[in-house]
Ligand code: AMP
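In the block that follows, a single chain appears as C-alpha cells, in the form predicted alone.
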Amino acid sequence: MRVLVVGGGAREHAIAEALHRSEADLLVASPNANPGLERLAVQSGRLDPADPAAVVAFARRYRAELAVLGPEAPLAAGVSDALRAAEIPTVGPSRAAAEIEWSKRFCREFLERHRLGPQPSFQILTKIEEVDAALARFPQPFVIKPSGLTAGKGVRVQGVDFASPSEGAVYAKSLILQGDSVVLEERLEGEEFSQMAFVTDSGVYPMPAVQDFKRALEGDRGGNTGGMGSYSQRDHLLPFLQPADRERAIDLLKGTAAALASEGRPFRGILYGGFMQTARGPVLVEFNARFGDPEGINVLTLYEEGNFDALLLGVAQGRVDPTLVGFRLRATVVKYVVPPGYGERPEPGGVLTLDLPRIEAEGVRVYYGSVEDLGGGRVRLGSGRGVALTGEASAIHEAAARVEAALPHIQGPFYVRHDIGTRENLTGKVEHLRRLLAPGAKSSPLPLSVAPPDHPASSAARPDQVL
C-alpha cells in the first residue's frame, strides 16, 4: 500500500516507522527534509502541509492509497476534506470535526451543550474592555488560554507563569488584540495524562495512557513547551491512574465522538483527550484531533508489528477490525534532545554527532524532529525539539535508564530533562495525588497504587515499587 504521511516531525517519523514495519510504501509531504522520513520514503516532497491543493496534487501524482495527517495545522486548514474530495482515504477528521482542537472555545461550549464532562469552570472573553472585570471576579487561581492553535505553548497558568490577575490581564488582552478569543478556566490541581484513541464510524479504540512533561526544566519549572518527553506504563495505565478512572476518560472520548456525529461532524482519525487526574477523578483539560507529540511516539513504538497500514485504512474507511488494535505490554520513555535555552530563548545551530549503533545497542530508538541532516551521523539542531530518544523496558524507570545510557553517545551542545521517568519523579507524582486525597480534601473512592501490574494493586505499596 502506498501511504502518504503529512508532516515532518518526530511524531511523523514514528508514524512512518510503524507503517514501514507493515511494509507500506511511504510518501512524505513535509516542509523540511527529516532524516528519518527521508530514509524511509520512496518519494518525498517539500511543501506546506497546511496547503490543501499542494498536498492533494502530491498525493495524486504519486498515487497515494491512504493519507495520514500528523500535525494540527493541516486539520484546521481542511487538508483532510480536500484529500477525501479527491477520493483518497484519510486518517484525520474533517475541519468541522477537528474544531474540537483548533477552537478551545468551541470545545468548551460543545461539551457544555452536550452535557459531557467533567470539565473545569470557564468563561469566554472576546472584548478587551471585559477582561479586567472578568479576571477580578473569576475564582483564583485560574488559567488563560488562547482559543486558537499555539503548538501547545499558549497556555498561561496563575502561580506559574504570572502572579496577579492584573498580570494575567495583560496577556489576555494581547491575545484579543491579535484577533483571538480567550478561554478563562479554573486551575486544576492534580496530574495530567493523555488518553488517545482511534475513532471512526465503527467505534472508539483506546491506546495506552501516557503522561507528558510540558515544562522546559527539571522539576516542572521553566517555560511551557510542546513537550519535553513522556512515559507509558507496562499495563497501559499510569502509576497514579486507576483502571476505573481511565475508563471514565475513555467514556468521555466515546461520548464526544457520538456528539460530534450527532452534529453532522463524524470523526475519522485520532481523538486525544488531555486530562487532569484530580481528587474528583479525571477532568478534561483539552482535546486534540491527532497523535500527540511526544505521546504518540510512546504508543506507536508499542504497536504490534505488521498491520498498522490495515488498521489506519480501516480508520479512514470507517470500520476497524478490533484485532488490529494491539500494543505490547511494555513501558516506554521518550526524552527530547533540544537546543540549549529551549522553552525560553533557544540557541539553534548546534551540531550533534549521534553514534547510532551504540544508541540502538542501549535499546533506544531515535526519531528525528527539528534537525538538518549533515551526513555521517551529524545533524544540526533547529530552534524546536530535535531528537526524540525512546527507551522500552518492563518498567518505566528501566526505560528511562536506557535513554540516559544512550545520551553519552550524542556529542554536541544540547539539553534534555533527566528527571523524566525516574523513580523519584514517579514517586512524587503518586504522593502528590495521595495528598489531594488526604482527609479534608475532595476525595475519590479509588485507592492509589504504585504496585507493578504483575502484583496485586495495593494502597500500601512501597515507593520502590513505582514503575
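These numbers come from a predicted model, not from an experiment. Residue indices: 1-based, along the sequence shown.
The discussion below concerns the form predicted in complex with adenosine monophosphate, not included here.
- Using a 4.5 angstroms limit between non-hydrogen atoms, K104 touches adenosine monophosphate in the predicted complex.
- Within this chain, E99 is remote from the site of adenosine monophosphate in the predicted complex, having no heavy atom within 4.5 Å.
- E185 belongs to the set of residues with a heavy atom inside 4.5 Å of adenosine monophosphate in the predicted complex.
- In the predicted complex, adenosine monophosphate lies within 4.5 Å of some heavy atom of V143.
- Though adenosine monophosphate is absent from this view, in the predicted complex it lies within 4.5 Å of a heavy atom of just one residue from N224, S181, N307, Q317, which is N224.
- Scanning A134, A73, A169, V157 against adenosine monophosphate in the predicted complex with a 4.5 Å heavy atom cut-off leaves one residue, V157.
- Contact with adenosine monophosphate in the predicted complex, judged as any non-hydrogen atom within 4.5 angstroms, is confined among 365-373, 258-266, 188-196, 351-359 to 188-196.
- Contacts between stretch 275-298 and adenosine monophosphate, counted in the predicted complex as any heavy atom lying within 4.5 Å, involve M276, V285, E286, listed in sequence order.
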